[in-house]
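Coming up is one lone chain in structure tokens, specifically the form predicted on its own.
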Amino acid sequence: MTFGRLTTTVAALTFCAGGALAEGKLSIYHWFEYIPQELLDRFSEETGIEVTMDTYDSNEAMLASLKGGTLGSYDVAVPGDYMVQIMRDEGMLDTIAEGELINKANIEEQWLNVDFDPGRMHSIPYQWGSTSFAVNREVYAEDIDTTDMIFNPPDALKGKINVLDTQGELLALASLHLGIPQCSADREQLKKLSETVNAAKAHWASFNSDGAKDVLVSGDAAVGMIWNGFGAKARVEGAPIEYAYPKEGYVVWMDNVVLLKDAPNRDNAIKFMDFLLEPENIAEVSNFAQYTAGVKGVTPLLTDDLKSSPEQNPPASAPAGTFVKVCDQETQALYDAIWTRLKK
């Protein structure tokens, strides 16, 4: 199957242990702005392992890069839930043997036997959160708890909207907006989906994932589809925004660290995964990225700001979130065609 166009932003960052005897290397393929440098420094200091990291801005960009020839050059990646299943089904992941992860028992029960990786044979939980949108309340003061903000915006917001350049999440949110199932093979429903996103595109200013926070802070966008933690960062940086939990629904996700097939430094990848399963280490990620971890013992280590963040605490009236579904290959091709037309 094919996915959205590759829009990888590569940022090569190297962290060497100061004065420590090097014990090999670790190559990470990761989302942008999603792990603190200090944590990677500490891993290197504790293990003597030299860490390099390249970044991407969507699950689809990561998959396209790996399928395009970089699989075998990275040890671990950090895909979302549905992408773990796709990568597993395509034979792109290595299996973690029973007993290899010393800290596996630290995984919270709800994230252990997950549909996309039953028994955690290929991955560990990293962070989880939601994908919705935030609205500048100085520009628009009316009700925002509706996906109309993205797909049928009021005049005050037209031309001032940024959406994430992520096929799975954007089309899932559009499906929720229309009240149709994901992975539909119904031609009328697919036609309606395509017409809706293409009509809405006329009111969007940009497709931007890595700059989704910045355009809200600068005021270049008055509405921004965004991940809840990234939205919290935008608010803290001065954007007068409110994160919405629309009545039609929103996307929830779990990002995961996966052991890649043909990892050149497999033993070091296992050490890194064990390192991230220690509560104090993954809590540092949560406090940096403003999301929630799937590891026991993290909550007491979180900052008060994160615990009370409105982006982390949906109102009682909010509906339940929805995970992105994995379609069969034939159906996925139909969604790929909708995405390709949208991005032209």
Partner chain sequence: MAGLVPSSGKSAAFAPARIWLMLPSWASIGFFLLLPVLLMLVYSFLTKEFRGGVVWEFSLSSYDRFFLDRGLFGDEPPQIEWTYIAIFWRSAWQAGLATILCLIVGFPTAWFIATRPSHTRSLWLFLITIPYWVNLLIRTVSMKFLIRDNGPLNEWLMAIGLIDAPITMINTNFAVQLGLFYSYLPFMVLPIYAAVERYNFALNEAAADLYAPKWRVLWLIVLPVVRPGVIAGCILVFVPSLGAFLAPDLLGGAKNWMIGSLIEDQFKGAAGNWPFGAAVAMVLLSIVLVVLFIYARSHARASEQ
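Residue numbers count along the first chain shown, from 1. Please read these numbers as outputs of a predicted model, since none were measured by experiment.
Omitted from view is the form predicted together with the partner chain, to which the following refers.
Asker: Please identify the residue among K307, K296, R42, K67 with any heavy atom within 4.5 Å of the partner chain in the predicted bound form.
Answerer: For this set of options, the contacting one is K67.
Asker: Since exactly one of D262, D148, E108, D220 fits, which has a heavy atom within 4.5 Å of the partner chain in the predicted bound form?
Answerer: Only one option qualifies, and that one is D220.
Asker: Looking at 85 to 93, 173 to 181, 135 to 143, 118 to 126, which lies within 4.5 angstroms of the partner chain in the predicted bound form, counting heavy atoms?
Answerer: Stretch with heavy atoms near the partner: 85 to 93.
Asker: Taking I35, D75 and K271 as the candidate spot, are all three within 4.5 angstroms of the partner chain in the predicted bound form by heavy atoms?
Answerer: Heavy-atom distance to the partner chain in the predicted bound form: none of the three under 4.5 Å.
Asker: Against the partner chain in the predicted bound form, would Y245 count as a contact residue? Criterion: heavy atoms within 4.5 Å.
Answerer: Heavy-atom contact with the partner chain at 4.5 Å: absent for Y245.
Asker: Against the partner chain in the predicted bound form, would K158 count as a contact residue? Criterion: heavy atoms within 4.5 Å.
Answerer: No, K158 stays farther than 4.5 Å from the partner chain in the predicted bound form.
Asker: In the predicted bound form, is there a heavy atom of the partner chain that lies within 4.5 Å of any heavy atom of Q332, even though the partner is absent here?
Answerer: Contact with the partner chain, yes.
Asker: Any of the heavy atoms of N113 lying within 4.5 Å of the partner chain in the predicted bound form?
Answerer: No, N113 is distant from the partner.
Asker: Who in 328 to 344 is close to the partner chain in the predicted bound form, meaning a heavy atom within 4.5 Å?
Answerer: D328, Q329, Q332, L334, D336, A337, I338, W339, T340, R341, L342, K343, K344 sit within 4.5 Å of the partner.
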